[in-house]
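Form predicted on its own, single chain, as structure tokens, below.
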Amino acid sequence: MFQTTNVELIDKLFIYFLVVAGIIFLLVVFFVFYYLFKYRRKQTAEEPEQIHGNEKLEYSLTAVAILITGIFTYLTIDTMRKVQDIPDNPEPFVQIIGHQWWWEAQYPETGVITANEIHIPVGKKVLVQLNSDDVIHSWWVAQLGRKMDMIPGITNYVWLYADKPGEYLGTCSEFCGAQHAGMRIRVIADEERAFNSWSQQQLEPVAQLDDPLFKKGEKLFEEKTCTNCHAINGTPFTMKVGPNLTHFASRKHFLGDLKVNNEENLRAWLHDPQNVKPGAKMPNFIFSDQEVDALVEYINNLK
């Protein structure tokens, strides 16, 4: 059965470095104190014999340093080769696109498009395609795989693997602007049946309610030009400038995983986006309280 190979290989290399560096550190400390004690000044001591250099010792230490460096150079290159075993014609399981400051996830096989909360199946090695829509970002979920940069105009790949269900947290690891610290990652590893169920649910059209407040929110969503940035599957709204809001209410967090997805945080975001996430590209529409009520009702029913 496939284990967390990439993570284990990187961890193993780190432990090798740590052990050897620790041994060298302890040897240096030992000999410093040993010779401090051995050659400490004594009242009756005569001038010691002056020795200039020790070629045998110098050659030996140089040879040991070269040997250690050579071994770790080989281990590093070998580990890099093993963790980046990308096929010649990669077929990614999911494509992650970095935006300032959120993550877009597209699943080519199913057609699912979502944002910020990325789902993967447990026990399956999945290939992830990484792209950037604006500046350099860097994808890193340490428990699932290696760190990989996302550079505009360049496609990179990384393997992810989760051996048990759960939520795995990461962050953008390359400074990408004012909200870099608020560009967090949440990967949810589901059992196969749960993952398939989630995929099917994401493909379902959004609910349509007869409630007047819902209808008002839907109308405001279009009139206030929210549709110029946000797509909602099953509607005429198809723009991809901002996160896809289809089934937004089913997500536990939003704003790049920065805020818990609840009514209070959604209201604060709609009232004044820049106060919640300074530098975000979401404009302040100066909604009235009644308009916010309607929009919250609409968005909270996108399940």
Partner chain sequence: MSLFINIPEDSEQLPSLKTGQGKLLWIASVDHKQIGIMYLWLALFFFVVGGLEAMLIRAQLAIPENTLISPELYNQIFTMHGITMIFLVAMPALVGFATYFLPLMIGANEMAFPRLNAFGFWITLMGGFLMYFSFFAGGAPNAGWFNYVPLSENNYSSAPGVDYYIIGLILTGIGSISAALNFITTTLTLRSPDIKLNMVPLFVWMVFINGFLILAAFPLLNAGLFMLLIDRQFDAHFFIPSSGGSAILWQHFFWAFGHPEVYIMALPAFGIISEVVPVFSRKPIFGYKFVAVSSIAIALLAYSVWLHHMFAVGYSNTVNSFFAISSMLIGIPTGLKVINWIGTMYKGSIQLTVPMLFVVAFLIDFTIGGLSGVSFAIVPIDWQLTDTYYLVAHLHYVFVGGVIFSIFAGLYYWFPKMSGRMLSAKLGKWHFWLFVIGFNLTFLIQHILGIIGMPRRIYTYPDLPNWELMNVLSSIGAVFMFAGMVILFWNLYTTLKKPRSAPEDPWDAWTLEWHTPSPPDLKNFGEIPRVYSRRPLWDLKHPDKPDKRLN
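Here the structure is a predicted model, which is why all the values come from computation and not from measurement. Residue numbers count along the first chain shown, from 1. Rigid core: the largest C-alpha set superposing within 1.5 Å between the two forms.
What comes next is about the form predicted together with its partner chain, which does not appear here.
**Message:** So if I measure heavy atom distances to its partner chain in the model of the complex, which of the stretches 187-195, 201-209, 153-161, 113-121 falls within 4.5 Å?
**Reply:** Stretch 153-161 is the one.
**Message:** Within 4.5 Å of its partner chain in the model of the complex - does that hold for a heavy atom of every one of Ile66, Val83 and Ile136?
**Reply:** Every listed residue reaches its partner chain in the model of the complex, so yes.
**Request:** Note which of Tyr107, Tyr168, Trp140, Phe214 lies within 4.5 Å of its partner chain in the model of the complex, where distance is taken over heavy atoms; exactly one does.
**Result:** Spelling it out, the residue with a heavy atom inside the cut-off is Trp140.
**Asked** Can any non-hydrogen atom of Arg146 be found within 4.5 angstroms of its partner chain in the model of the complex?
**Response** Yes, Arg146 is a contact residue.
**Asked** Contact between Cys176 and its partner chain in the model of the complex at 4.5 Å, heavy atoms?
**Response** Contact check for Cys176: yes, within 4.5 Å of its partner chain in the model of the complex.
**Prompt:** Should Glu264 be classed as touching its partner chain in the model of the complex when contacts are defined as heavy atoms within 4.5 Å?
**Reply:** Glu264: no, not in contact with its partner chain in the model of the complex.
**Message:** Asn228 versus its partner chain, in the model of the complex: is there a non-hydrogen atom within 4.5 Å?
**Reply:** It does not: once its partner chain is placed as it appears in the model of the complex, Asn228 has no heavy atom within 4.5 Å of it.
**Request:** Sequence order please: the residues of 51-87 with a heavy atom within 4.5 Å of its partner chain in the model of the complex.
**Result:** Residues within 4.5 Å: Ile51, His52, Gly53, Asn54, Glu55, Leu57, Glu58, Tyr59, Leu61, Thr62, Ala65, Ile66, Thr69, Phe72, Thr73, Thr76, Ile77, Thr79, Met80, Arg81, Val83, Gln84.
**Message:** Using a rigid core superposition, assess whether Glu264 undergoes a CA shift of 2 Å or more between this form and the one not shown.
**Reply:** After core superposition, the C-alpha of Glu264 moves less than 2 Å between this form and the one not shown.
**Request:** For Asn54, state whether the C-alpha moves by 2 Å or more between this form and the one not shown after rigid core superposition.
**Result:** Shift of 2 Å or more: yes.
**Item:** Ile66: Cα shift of 2 Å or greater between this form and the one not shown (core-aligned)
**Value:** No, because once the rigid core is superposed, the C-alpha of Ile66 moves less than 2 Å between this form and the one not shown.
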